[in-house]
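The chain below stands alone and is given as structure tokens, in the form predicted on its own.
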């Protein structure tokens, strides 16, 4: 039986969302081709039990490699471990998140093993042993289907937010834990510490509801209008690139190809025209609501609900209605 290997990315002892998203993609491919999905956990002994238990809820099998140098990401150590495992197990496909981790070591790994690599992929399909990947080009303006040369195995990095998170399985997967004893790898650099993002730890990628403002907000003095709406909804505040470029809101709140990719349950766009760069970062939201005075604004092409109107009239009325509803 063929195997799809998925590298679980973790940080400070917790799995990151992209890990569960990749398992969703892997499970779809495996179901179509009768294959097994293995979650690969690289970690120290301190976090091994917790991370293995988390991963076991979502994969057919879990392979945990314990080594103290795996406590934090180290490019050389990860490359050595993946190279050894791929040579040993010969997986049909190896998935890694298109994150700072995956972008760092996967190209070197592909060159080292002479295995085809597709990066920043949104979806995958395989037919007749040939892998086809969907990638965005020209800043998200074009989605291209790219067919890789036929090979016994492939490497792929998956864009965070491209898939929904995996659903937990009725029975946990089979677990194998190994002590990894490879020689230390010198990569010419050393991990120092994690730095939290500015803004008190606000991470818009984790929000269930986002109220996002665009150029239509007019001026920074109008942003409190959106902030109050976000507070009433229990939402986080986000923005499009023009707002971040003008420093009306900090960069870590920007959504789009040059900002964050988000997929909240509700995305409320206020005065955002919806250029393709912005859509690429939020179009996988479960419910999209757009308020814009331009009926031809591109945001309406992907919105589930749209209001053509002046946000300075619509938002106050919406806030009043919400306050009335919440009082009941």
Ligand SMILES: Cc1cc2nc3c(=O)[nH]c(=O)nc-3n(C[C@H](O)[C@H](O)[C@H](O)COP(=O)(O)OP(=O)(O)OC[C@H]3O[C@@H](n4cnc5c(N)ncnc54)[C@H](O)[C@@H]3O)c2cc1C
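Fair warning: this is a prediction, and the values are worked out from it, not measured in the lab. The term rigid core refers to the most C-alpha atoms you can superpose between the two forms while keeping them within 1.5 Å. Positions refer to the first chain, counted from 1.
We do not show the form predicted in complex with the named molecule, though everything after this point is about it.
**Prompt:** Which residue among 136, 99, 257, 74 has a heavy atom within 4.5 angstroms of the named molecule in the predicted bound form?
**Reply:** Of 136, 99, 257, 74, the residue with a heavy atom within 4.5 Å of the named molecule in the predicted bound form is 257.
**Prompt:** Since exactly one of 302, 266, 297, 36 fits, which has a heavy atom within 4.5 Å of the named molecule in the predicted bound form?
**Reply:** After the contact test, the surviving option is 297.
**Prompt:** According to a 4.5 angstroms non-hydrogen atom cut-off, is residue 18 in contact with the named molecule in the predicted bound form?
**Reply:** Flag for residue 18 set to no.
**Prompt:** Should residue 262 be counted as a contact of the named molecule in the predicted bound form, where contact means heavy atoms within 4.5 Å?
**Reply:** Output for residue 262 is no: heavy atoms all beyond 4.5 Å of the named molecule.
**Prompt:** According to a 4.5 angstroms non-hydrogen atom cut-off, is residue 215 in contact with the named molecule in the predicted bound form?
**Reply:** Contact check for residue 215: yes, within 4.5 Å of the named molecule in the predicted bound form.
**Prompt:** Is there any non-hydrogen atom of residue 126 lying within 4.5 Å of the named molecule in the predicted bound form?
**Reply:** Residue 126: no contact with the named molecule in the predicted bound form.
**11, 67 and 81 each touching the named molecule in the predicted bound form (heavy atom, 4.5 Å)** = Not a single residue of the candidate spot has a heavy atom within 4.5 Å of the named molecule in the predicted bound form.
**Message:** Heavy atoms within 4.5 Å of the named molecule in the predicted bound form: which stretch in 87 to 95, 247 to 255, 149 to 157, 107 to 115 meets that?
**Reply:** Heavy atoms within 4.5 Å of the named molecule in the predicted bound form occur in 247 to 255.
**Request:** Taking the named molecule as it sits in the predicted bound form, which residues of 296 to 316 have a non-hydrogen atom within 4.5 Å of it? Please list them.
**Result:** Stretch hits, in order: 297, 309, 310, 311, 312.
**Item:** Threshold 2 Å Cα movement between this form and the one not shown for residue 91, core superposed
**Value:** Not so; residue 91 is displaced by less than 2 Å.
**Item:** residue 38 C-alpha shift between this form and the one not shown of 2 Å or more, rigid core reference
**Value:** Stays below the 2 Å threshold, so no.
**Prompt:** Would you say residue 106 moves its Cα by 2 Å or more between this form and the one not shown, aligning on the core?
**Reply:** It does not reach a 2 Å shift.
**Prompt:** Versus the form shown, are the CA atoms of residue 298 and residue 159 closer or farther apart in the predicted bound form, given a shift of 3 angstroms or more?
**Reply:** Relative to this form, closer in the predicted bound form.
**Request:** Tell me whether residue 261 and residue 118 end up closer or farther apart in the predicted bound form, going by their C-alpha atoms; the shift is 3 Å or more.
**Result:** Farther apart, by at least 3 Å.
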